[in-house]
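A single chain, nothing else alongside it, follows as structure tokens in the form predicted on its own.
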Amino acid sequence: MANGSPARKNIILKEAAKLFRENGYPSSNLRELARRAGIQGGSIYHHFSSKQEILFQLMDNTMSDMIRRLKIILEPLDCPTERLRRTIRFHIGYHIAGPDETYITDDELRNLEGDNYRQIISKRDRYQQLFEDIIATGQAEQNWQISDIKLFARAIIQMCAGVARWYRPDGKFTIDQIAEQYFTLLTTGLMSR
């Protein structure tokens, strides 16, 4: 891993997320990234050893932050229904707040190589496990009607992440309203009849 100032690295990662989202990872080049980050073309190697390292670092930072923040939100909550409500709100809000980073993390996984790929898959699994734990607890304690916990968790994650693709701040619904409607949609199917 190359060295470099943390502030400059953050600028490069932010610009990389935008560039990779606009052009796709394979079509993006480091010269353009350096230009956008306000540095000379070769200077990028003072901060990162390769384009692959940039992609990995971008995804790793995003997944680590999502896991950390969601754990903080869930830690004081015992009720699985409230935990699910807050998780849905967090996931939607996080994707809307960082659409470039989350888009890359969601859609460019196929471009990670070897150990980079395995590390991000491991973090994605840990993040999904937080959802699965809530669903399993709701199933055990509140008789939620779920036939496959893993499938249901994946469906929630994808449904909520998708909001960032169409959400507009001046649109019909606020983030909180969307999250609450998604929560209602999901829990209406969960509660025993």
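Residues carry their position along the shown sequence, with the first being 1. Values in this document were obtained by computation on a predicted structure and should not be read as measured data. If you superpose the two forms and keep the largest set of C-alpha atoms that fall within 1.5 Å, you have the rigid core.
The protein also exists as the form predicted in complex with another copy of the chain; that form is not presented, and the subsequent description refers to it.
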| property | result |
| --- | --- |
| is_contact(G162, another copy of the chain) in the predicted bound form, heavy atom dist at most 4.5 Å | yes |
| Non-hydrogen atom contact R126 with another copy of the chain in the predicted bound form at 4.5 angstroms | no |
| Heavy atom of S49 within 4.5 Å of another copy of the chain in the predicted bound form | no |
| In the predicted bound form, K9 touching another copy of the chain (heavy atom, 4.5 Å) | no |
| Non-hydrogen atom within 4.5 Å of another copy of the chain in the predicted bound form for each of Q145, F152 and L185 | yes |
| Among the candidates S64, Q158, N29, S43, the residue which, in the predicted bound form, approaches another copy of the chain to within 4.5 Å (heavy atoms) | Q158 |
| Residues in 47 to 63 close to another copy of the chain in the predicted bound form, defined by a heavy atom within 4.5 Å, in order | none |
| Threshold 2 Å Cα movement between the shown form and the other one at R168, rigid core reference | yes |
